[in-house]
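In structure tokens, one chain follows: the form predicted alone.
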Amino acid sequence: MTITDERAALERLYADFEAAHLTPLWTQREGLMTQAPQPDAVPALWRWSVLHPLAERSGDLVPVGRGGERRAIALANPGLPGTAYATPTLWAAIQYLGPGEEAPAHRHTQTAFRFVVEGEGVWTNVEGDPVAMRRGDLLLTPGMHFHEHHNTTERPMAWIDGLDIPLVRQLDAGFFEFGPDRLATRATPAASRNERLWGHPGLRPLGAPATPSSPLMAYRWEHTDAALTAQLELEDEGYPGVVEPGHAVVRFTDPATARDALSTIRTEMHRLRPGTRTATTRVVGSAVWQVFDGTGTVEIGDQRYDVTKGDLFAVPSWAPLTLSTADSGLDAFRFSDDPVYEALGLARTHREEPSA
């Protein structure tokens, strides 16, 4: 066979591959199996000073009700055009509820949480259990739990929603159902039923069954703050507890199992004392952070952002991340897809200590 004949035969072979909806590995290997993760998502920053006014404007113009269901504005990563995703696995949005407004009940396969950076007076009813939403609180809505929100005040309130919408969409596992049009309850107790049952540290109620995600729907700021404060105090006294000098972290966990509070999303709160610079860390899997208090600098690859209260930023898979803060210190909430990668045996972390 001549070179010309061989080339023509190869072209026919490739044409037959295409007609049969086949693709040969030898033309695709470098793109399919890279030497390191090459995420489509890029480092991105969303400033609270931009987000909140836009949410306020939407509050004047866009109603809450059936159909759209929620007045939630998603963070769209510039590296993922055509989607409303913060990362390939995580969805994040600012949700805004006006005075006296109600967001009707629904449920879905997707796992959700709410994190409150400021305000109070909104209640989320999860399976009919009324849960107060206050500054610094993490509120959970596990998959297929009916949930609704209502604002009991004359002031609007905004918070951050986090869900695994992109992951569930990619897995073709999503279901959605409308709930009743009327609120399940208008009660506003100081503590929800799930907090009264499960909110006692180290004490498990034996009469309550374990659930796939945490049965505790509210992780209150006063407990988070006290735990972070204690870690830094113990560091000053020469005892272990912090993850690195000046850097305290707590993870929100299921009180029944000590695993992550949500099955597909890891939630953590980080505190850096003034003058701290973290090690540079790479993690397989992506994360979204929100600054809760203080100011600092975030370095993600070759991107550098100065951040303050409310600002959100996305960290793509395997992107090097460094946090630092000067005089004010920094509190930041982090949520990630870490549990998914750990369950699949794909988790990997690389850490570079700060140079002396």
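All residue numbers are counted from 1 along the displayed sequence. The structure presented is a predicted model; accordingly, all values stated were derived computationally and were not measured.
Only in words, not in the display: the form predicted together with another copy of the chain, which the text now covers.
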Using heavy atoms and a 4.5 Å limit, would one call residue 298 a contact residue for another copy of the chain in the predicted bound form?
-> no
Non-hydrogen atom contact residue 85 with another copy of the chain in the predicted bound form at 4.5 angstroms | yes
Find out whether any non-hydrogen atom of residue 233 is located within 4.5 angstroms of another copy of the chain in the predicted bound form, and reply yes or no.
-> yes
Residue 252 within 4.5 Å of another copy of the chain in the predicted bound form, heavy atoms | yes
Region of this chain that lies against another copy of the chain in the predicted bound form, out of 28-36, 323-331, 288-296, 303-311 [heavy atom, 4.5 Å] | 28-36
Within 223-249, the residues that have a heavy atom no more than 4.5 Å from another copy of the chain in the predicted bound form = 223, 224, 226, 227, 230, 231, 233, 234, 237, 239, 240, 241, 242, 243, 249
